[in-house]
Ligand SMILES: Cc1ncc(COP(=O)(O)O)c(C=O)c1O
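Just one chain is shown here, as structure tokens, and it is the form predicted alone.
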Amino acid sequence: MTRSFSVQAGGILDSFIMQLAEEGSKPGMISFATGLPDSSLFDLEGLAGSAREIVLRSGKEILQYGSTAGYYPLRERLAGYCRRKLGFDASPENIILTNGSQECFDLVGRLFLNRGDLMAVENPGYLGAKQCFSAYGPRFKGVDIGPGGIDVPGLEALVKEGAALFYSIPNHQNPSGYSYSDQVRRETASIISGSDCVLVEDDAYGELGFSGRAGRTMKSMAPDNIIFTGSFSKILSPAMRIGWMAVPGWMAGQAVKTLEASSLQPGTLCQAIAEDYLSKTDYGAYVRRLRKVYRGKMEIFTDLMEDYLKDYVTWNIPDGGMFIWMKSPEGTDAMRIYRSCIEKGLAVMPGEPFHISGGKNTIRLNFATPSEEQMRAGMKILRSACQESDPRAKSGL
């Protein structure tokens, strides 16, 4: 008997990310590919202490079912953070906790997308979010992004065309590492404000700017049209699966009801552990340490790129986040570099899957995960792969 899946299931995009995660986990493989944070930065002792404290102090209560919107004390903390640091008003009723930020995207898709709706996404843009939204059958159209942010006229045209959603990462974007300029943030918020389009402002890397936050939140400029999403995955631990969203008051009730229908509630235990940990931690000092470590790793990584790759490719110098955007010469196919690297023991992430169009000569590199020793060994492999794929070398130029 032939079985068939639903139209919704059949429409989900393939994930190159998880395929690469499997490649990167093979013995001896060096990885510049994934979006993982540096696991040496996890505070094992502090989190273990908070876990013990929470279970022993309120075990019977915390191990029970909880609120669909999430652990209230953590929602209070996040609402205060929105008001003090992010520039927009929020109460705990505006904050919804989720099982990772991926569940935020799924919830937004269920709330706002009908099959065939137009959805604007950055080009290139985060593949994991596009995969999530793809389950709801939108027509994706890309808005090109460069060093200063998105092509504003391109977004304006799609909003006029009737885009239901626009998904964006304005700070240290995944995959490119680019951040929106202040002007682009203002113009984007102005286009969205008063339109029928809802903007999803993904702040996954907002805390990881090497000199602080890259710019003002767009949510602070157009609060009724923007859903702000955050995550503790890059700050505390991805395994804790704590995402969150700050939503306009008009959608809060429907969002909670829709979340209840799919997962009943997010994981209260990990949220309570995070809240206890944050209550005892100098968060500013904690984040400054992350920024310092990642800046140092980026500088080592790009210095090695200069030593090994300057004759073959170009790249950006990000001001935060985890990623460097590498480009091989126009007309070349970076998939050849990717395949050669895999054969030699290095996983890199080809850039084309992040694109709606173009990107054949791009590769995303993660500098946050590898050690300095792995960086140096990986660069040697990457140089060899670039040499093999360089048409100038083959022509004798």
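Source: prediction; values computed, not measured. In this text, residue numbers run from 1 along the sequence as written.
One more form of this protein, predicted in complex with this ligand, exists but is not displayed; see below.
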In contact with this ligand in the predicted bound form (heavy atoms, 4.5 Å), from 108-116, 71-79, 300-308, 203-211, is stretch 203-211
Wondering, does residue 246 line up within 4.5 Å of this ligand in the predicted bound form on heavy atoms?
-> no
Hey, in the predicted bound form, does residue 169 get a heavy atom within 4.5 angstroms of this ligand?
-> yes
Examine residue 102 and determine whether its closest non-hydrogen atom to this ligand in the predicted bound form is within 4.5 angstroms.
-> yes
Partner contact for residue 185 in the predicted bound form: this ligand, 4.5 angstroms, heavy atom = no
Pick from 123, 233, 131, 265: which has a non-hydrogen atom within 4.5 Å of this ligand in the predicted bound form?
-> 233
With this ligand left out of view, choose which of 174, 217, 271, 179 has a non-hydrogen atom within 4.5 angstroms of it in the predicted bound form.
-> 174
